[in-house]
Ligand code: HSE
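Read the single chain below, which is given as structure tokens and is the form predicted alone.
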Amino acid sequence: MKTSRTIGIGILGFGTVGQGVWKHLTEKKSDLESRLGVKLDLRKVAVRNLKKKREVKISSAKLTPNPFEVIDDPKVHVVCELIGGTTKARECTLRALRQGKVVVSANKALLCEHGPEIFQAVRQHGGQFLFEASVAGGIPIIKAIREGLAANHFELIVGILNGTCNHILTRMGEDGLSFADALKEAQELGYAEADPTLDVDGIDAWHKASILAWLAHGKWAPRNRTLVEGIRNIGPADIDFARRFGFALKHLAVIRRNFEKDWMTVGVYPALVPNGDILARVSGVNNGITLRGDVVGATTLAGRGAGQDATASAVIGDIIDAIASLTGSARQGLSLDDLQAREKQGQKIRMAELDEIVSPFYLRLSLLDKAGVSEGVYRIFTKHKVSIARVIQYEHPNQGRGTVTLSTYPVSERKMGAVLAELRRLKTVLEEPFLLRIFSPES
């Protein structure tokens, strides 16, 4: 097939994902050229260290320590930003967009923290910003929301967005490992970083949830109005409760929209998921996302959420879309009209108040083993009109304490917060109360 145009591709960053993109583009170059009707020119890669040994072989002539050399090359049409972080990545992204180029990125932190500025540059200079790889790796969730399910208004988007947390909780729930042991194993297998903070404290999932909220509703989830919790404090009693009553412990990102009252809520936290829910069966390092639309109903996508090949697949998918736009065969990504519509939509939406966010709750308490202690706890629930559904009491012989786990019927975050505040003041409550939400699609 005769090609009519050469498309230059530059890559910023040559870590795990960057090497995967280069490897697969190189291996599939002929096939992609034939399918797309273009010639692919893999021009340059910007790296921090020219002498570093890498698994993927690349000519030294293709490497540069200067990312601007890649961006400013007039023969580079598509810039893949795979640096990570937000400082240099922001500078490089804006520089490329201001030249009207297409930027493909897997950087969820960049998009979450600087999304309005990035899309303003797109509007002003006519470039494009494609970001399928920023959320859920190899699962095409962004394209599904943007294209395949575009006719829907989404009342609920709920997902397992962090493979590290899912692996740890899977091992704790199915194999009885402690959090510390499951985390250590995840680090040894390469699923968790030496410093796992972004993953296990929920920050990574919040970045992704904020992107999905903006994509579906036109509104970014501000950090100070988003409930973000990690999985560090989950213990054996929580695993036992889940097992006894038909739940799986999962780290969820939950985005709800009330169209009548024009509010949105975004939460990222560990939750008890009923075993009958498809997300309860998403195990290991996999991700899963359920979207409930007013037209399609509930749709779930699941698969590999991270790793070299899964993320590289999403990046290359965006590169293919970029080429389709550049050659005029189809406009891909978010058009200027799309961006303006989302901005207007987001301006009409408010973040929900605490008394509007309702769910069942699970609570674990470490109590002084003394007569009348439980009655004092239950009086606080009665005072705030919080109804208890189940109770399990564990004894700790010769330790002078007991553990009580209980679940509630649906109640607002505000009421449950008031209960917690009073429980913390009781001298008979020996440790910080541990709270989990019980996921229900309807609450």
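Residue positions are given as counts along the sequence shown, with the first one as 1. Small disclaimer: the values here were computed from a predicted structure and weren't measured.
Although not depicted, the form predicted in complex with the named molecule is the subject of the following passage.
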{"query": "Contact test, all of Glu81, Ala96 and Phe131, partner the named molecule in the predicted complex, heavy atom 4.5 Å", "finding": "no"}
{"query": "Contact flag, Asp238 vs the named molecule in the predicted complex, heavy atom cut 4.5 Å", "finding": "no"}
{"query": "The named molecule contact at Gly305 in the predicted complex, heavy atom, 4.5 Å", "finding": "yes"}
{"query": "Ser105 within 4.5 Å of the named molecule in the predicted complex, heavy atoms", "finding": "no"}
{"query": "Distance check, Ser210 to the named molecule in the predicted complex, heavy atom within 4.5 Å", "finding": "no"}
{"query": "Location of the named molecule contact in the predicted complex, chosen stretch of 202-210, 119-127, 343-351, 96-104 [non-hydrogen atom, 4.5 Å]", "finding": "202-210"}
{"query": "Listed residue that, although the named molecule is not shown, lies within 4.5 Å of it in the predicted complex (heavy atoms), from Tyr362, Phe247, Tyr269, Tyr191", "finding": "Tyr191"}
{"query": "Among the candidates Gly173, Gly230, Gly138, Gly163, the residue which, in the predicted complex, approaches the named molecule to within 4.5 Å (heavy atoms)", "finding": "Gly163"}
